[in-house]
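As a starting point, one isolated chain is supplied in structure tokens, in the form predicted on its own.
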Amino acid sequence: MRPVLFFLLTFPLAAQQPDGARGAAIYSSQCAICHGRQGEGGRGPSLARARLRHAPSDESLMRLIRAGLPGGGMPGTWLNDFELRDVAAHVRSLGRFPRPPVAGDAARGETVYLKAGCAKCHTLRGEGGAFGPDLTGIGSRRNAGHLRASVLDPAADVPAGFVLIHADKITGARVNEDTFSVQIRDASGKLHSFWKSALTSLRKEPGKTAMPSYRGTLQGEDLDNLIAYLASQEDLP
């Protein structure tokens, strides 16, 4: 057995110092595309915080990186224990970076949120419609830049698992589907259930959204305030 390999196998993982350069390199190639180069977030949640809701300890963070979040858009990885330790250490270091400020007034943004009709389709802290994705804690999962892009161009990044379905004359978001039936929720929040054999037409549009672009509707301070309001919606500790 090679001396270096023997050393690695016999020297406890916990007793070794993380390799900062390797952790940063792996993070940059595999994690930054969703979480941002400095952990500022994007399609994935911000990691530039002292406490991570789903990974309060180093051990839980390593498990999360290895297993991913089923249904949450984060895949698992085949990194070995040493690489996991290095990436986890780098992620923890991101908590030392200050979070970038968000332009706008969150308090005024709530008024814009209600006036624009967002609550008709989205649930926020248990209130609102259920046609679109739940926005409770959205500020912990998406950064301000991603939220702005989603408001101006909703089709650019549709949440994983969201499928728009046209069943005869009813259009809605898929709630459940099996071989014989499908259940969808329309924009008013009404739930419809169909036997597929009884439908004249059934068309699915994964990656599509019924949400309109607000590019020509919200501008300037109104847009900034709305984004500030959404960015302030963070998960409870």
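As the structure is a prediction and not an experimental result, all values here were calculated from the model. The first residue of the sequence shown is number 1, and the count goes up from there.
Just so it is clear, the following notes concern the form predicted in complex with a small molecule, a form of the same protein that is not shown.
Looking at the small molecule in the model of the complex, residues G20, A24 and G39 place no heavy atom within 4.5 Å of it. At the 4.5 Å threshold, heavy atoms of G73 reach the small molecule in the model of the complex. Among heavy atoms of Q30, some come within 4.5 Å of the small molecule in the model of the complex. Taking the partner from elsewhere, H122 is found to have a heavy atom lying within 4.5 Å of the small molecule in the model of the complex.
The small molecule is not shown here, but in the model of the complex it comes within 4.5 Å of a heavy atom of T209.
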